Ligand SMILES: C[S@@+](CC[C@H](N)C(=O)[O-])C[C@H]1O[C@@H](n2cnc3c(N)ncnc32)[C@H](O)[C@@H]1O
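One chain is shown next in structure tokens, namely the form predicted on its own.
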């Protein structure tokens, strides 16, 4: 399943030499090997060694990820697993970066030659990027979303475009757009009378998840924002290369600058775990403010810790400790339902649900080998090491 879908080429995606492709594919395959072969052994060691030892000392098994880490952090197999994960991440970025650096001038020339689609780009030269984004290399990406000082505006976006495909091991689909496509499918199948005409994607990075809305809601006006000017710059040209009109703007989801009741639908895709505890309430408040009455807010991410056992929490918490994701675990402890209520959404109009992964359905429809796919989308609980819970993305839905 992991290697069925190769990344689709487009005019803004750097071309690879055979050697560069080989190194990148090695990083992806190494990640797959870790999940398929290392993680089962790690899981066995946790339950056979760490849990009994902890229970003997404390009188009970670990009940959350903090206790699980205390019980397991000195285990040599667990440490080997963590080291392998970090090495695979750094190898991935290194392999991608060399092909981008070699072709930056060509990418800039290509961007200038793309046919216009009607989409626009708005960059604010005086914009201040929040420190929770600018102060670290998120998921070990060199320079993070904003890029290194002095780097070309296209560099960070191109790095993320290829890197996220390798990180997801193909699970994001050929265009890295599975989350957006999955949420679009969820809307058309579950919100039957809802026909959004003005759509806003917040925290869009390079527009992976944005473009399905422009494709599947062709009559709608689609806008996408992000704090990283480098990402929205690349996102604009990527959308132009793929022939889909989107209005990309450098803006902050905490205070978007749009007028009250401007949008029918506000969405985000893996944004919440990249924001701080102070930012999240502001984002929810802003979503409610800019939504029209009857409009929907939908945030797609991974589920809260309360839905997982201690070991699964621990495996996810590793992203915070070892992959420069400082808000990954904090987000999962926040009461998102309560945040939505405080923002103004009625309690009866807020709920969690699962949007089935479009990539799974695409694989089935193509009659490919989907032995790793679940029998029925969304019917089983999250298992440690899976890319999405039970074959679907957790979505928080709120109706104004």
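Numbering follows the first chain given and starts at 1. What you see is a predicted model, and the numbers here were worked out from it, not measured in a lab.
What follows is about the form predicted in complex with the ligand, which we do not show.
Exactly one listed residue, out of 107, 187, 271, 214, brings a non-hydrogen atom to within 4.5 Å of the ligand in the predicted bound form: 271.
Site annotation in the predicted bound form: the residue of 208, 299, 162, 181 reaching within 4.5 Å of the ligand with a heavy atom is 208. Proximity of residue 311 to the ligand in the predicted bound form falls outside the 4.5 Å heavy atom cutoff.
Interface residue remark: residue 154 is not counted as part of the site for the ligand in the predicted bound form, having no heavy atom within 4.5 Å. Among residues of the shown chain, residue 258 is not one whose heavy atoms approach the ligand to within 4.5 Å in the predicted bound form. The shortest heavy atom separation between residue 167 and the ligand in the predicted bound form exceeds 4.5 Å. Segments offered: 79-87, 225-233, 303-311, 94-102. Contacting the ligand in the predicted bound form at heavy atom distances within 4.5 Å is 225-233.
Contacts of stretch 180-204 with the ligand in the predicted bound form, defined by any heavy atom lying within 4.5 Å, are made by 203, 204, listed in sequence order.
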